[in-house]
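So here's one chain in two forms, each on its own in structure tokens, numbered structure 1 and structure 2.
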Structure 1
Amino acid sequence: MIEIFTRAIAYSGGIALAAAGITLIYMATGTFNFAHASKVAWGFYIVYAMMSLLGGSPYYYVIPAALFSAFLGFVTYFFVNRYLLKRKADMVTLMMSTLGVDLIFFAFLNVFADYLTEVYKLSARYFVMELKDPIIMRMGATEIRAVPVVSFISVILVTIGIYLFMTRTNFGIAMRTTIENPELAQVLGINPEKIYLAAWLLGGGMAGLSGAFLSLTISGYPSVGMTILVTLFAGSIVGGLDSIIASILGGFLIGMVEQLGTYSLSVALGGWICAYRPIIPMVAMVITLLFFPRGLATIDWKKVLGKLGVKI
């Protein structure tokens, strides 16, 4: 059970990071970014390819994965989203444009996987890197690997970093101003395009970081991003589409529910239930929104903690 719980933490950390990226881009540009799926998948493949060809620990290549997906975010904004925003495209048009971009990124990812297979004879169509993750502790017969710890710490650091960036830096405050009131931001001399570009870069980087950690938790294949896209959006929506910090919490919650829920149901009902795994985050999202229609961001945490006897 300890191993299942630690795997759930590692998985949830990756989902939380990607969900935060979705929320950031939506808050800044009003765009539901379906291209997030392939950016996460590219995070998988950057870590896998670099580790297979260069050797060493997979953690050496986490930053390159984040940087490459940030570059894909730049490409998406600069060549597609930027022009649609200037023409004041509606939400559906913005969303569908990212679906087209996702298909392009997915096609290049398949080409890259075939290249690794044909030229370097790697099993790039389906790979498992979990055993490449170093063991940091043994509890009886249970092995605890590094990714649950690294993923959890990374989520905490990213949460703190986002909070400090948005509240303590001039650029972060300018970003908040642009998100809340674009017209006022322009009057104050803030260039919205810089804010939008920064949002796509940061959002893409978080997608790549997510993929890097998830590559040590679940199997990798070209369509892996599409497989978990429902979970990513569920985490973002549960957290609330107007709070990056809450989206991290929402993503972590949805990831834990999916992992532990799938395990519990498979034990109770049998392994066949795993085929219906994508339903679990959707059910969790629906239940959460029934109680909190605007997501976890609307919860008065001071009041909740006060009722529990915790003073802050």
Structure 2
Amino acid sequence: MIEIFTRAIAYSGGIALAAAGITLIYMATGTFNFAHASKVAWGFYIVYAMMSLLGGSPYYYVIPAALFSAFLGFVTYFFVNRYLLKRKADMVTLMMSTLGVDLIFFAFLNVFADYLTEVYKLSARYFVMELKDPIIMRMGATEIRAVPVVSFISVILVTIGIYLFMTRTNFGIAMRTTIENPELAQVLGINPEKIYLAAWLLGGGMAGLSGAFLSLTISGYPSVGMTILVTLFAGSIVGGLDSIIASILGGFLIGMVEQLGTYSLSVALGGWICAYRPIIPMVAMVITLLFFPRGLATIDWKKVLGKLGVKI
């Protein structure tokens, strides 16, 4: 039971980080980023490849993974998104252009995996790294590995970091201004291109971080990003695309629902339900959206509590 819970926390932390990246990029540039799938998958592969070739703890390579995915974010912005934003392209064009970018990153990831397989004889097309994660605690028969703790702490640090960045630094305030009203921000002398670039870098970095933590939780293969993409979207959307903090919570919630929901359903109904695991976050997302079409962030909690008779 503890094992399932810690696993769920590690997984949810990863989903929350990636979902926050999607929301950050969406808020700043209005682009709903399909390329996040490959950025997360590249996070998996950077950790895997560097650890296999250079040795050592997987945690040494978390930062390189984040940096590489931030670089991919930069590439997406610099070569594609920048021009579309300048042209004020509509949302579907922005979305589809990131799909094109995603296909290219995905193709290169496959080439990279083939290269690792052929040249270094690694089984790079499918790998499990859970056992490389150091054990930090034993509780009777259950071993607790480091990734749940690291992932959870990272999520909290990122949340606090984003909060402080957005409310206490000049750059963060400039970012919020640009998100609220790009024209007015420009009048005040804020360069929106810097803000967009920062969003792509930060969002990409979070995707890489997410991939690094997820690689110690679930098995890795080139299309892993495409597989969990819907879960990432679900996390970002359930929280609501209007707030980064909300999407971190949304992502965490979706991850927990997926892991613990599958576990409790499998206890109640039998193991066959495990095959349908990816459906659970999607169903959770659809149900949430049918009641709150713009995500959980838009719920007016005062009103809800007022209805329940609680006074604040």
Partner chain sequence: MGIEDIFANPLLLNILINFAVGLIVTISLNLEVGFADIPQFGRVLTVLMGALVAGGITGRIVASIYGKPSGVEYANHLINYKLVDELSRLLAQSPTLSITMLVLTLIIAAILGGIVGYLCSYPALRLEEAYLGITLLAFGDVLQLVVWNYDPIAGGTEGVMIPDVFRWIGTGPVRFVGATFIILGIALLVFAYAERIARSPFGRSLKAMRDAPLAAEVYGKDIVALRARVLIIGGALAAMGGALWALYTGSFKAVSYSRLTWTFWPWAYMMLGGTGNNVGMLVGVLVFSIVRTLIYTYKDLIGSVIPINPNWLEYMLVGLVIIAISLFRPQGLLPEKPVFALPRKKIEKIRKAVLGENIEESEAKES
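We call the rigid core whatever largest set of C-alpha positions still superposes within 1.5 Å between the two forms. Every residue number counts along structure 1's sequence, beginning with 1. No experiment lies behind these values; they were computed from the predicted model shown.
Annotation: structure 1 represents the form predicted alone, while structure 2 represents the other form.
If you fit the rigid core between structures 1 and 2, you'll see the Cα of residue 57 move by less than 2 angstroms. CA movement of residue 291 between structures 1 and 2 equals 4.0 Å, with the two forms superposed on the rigid core.
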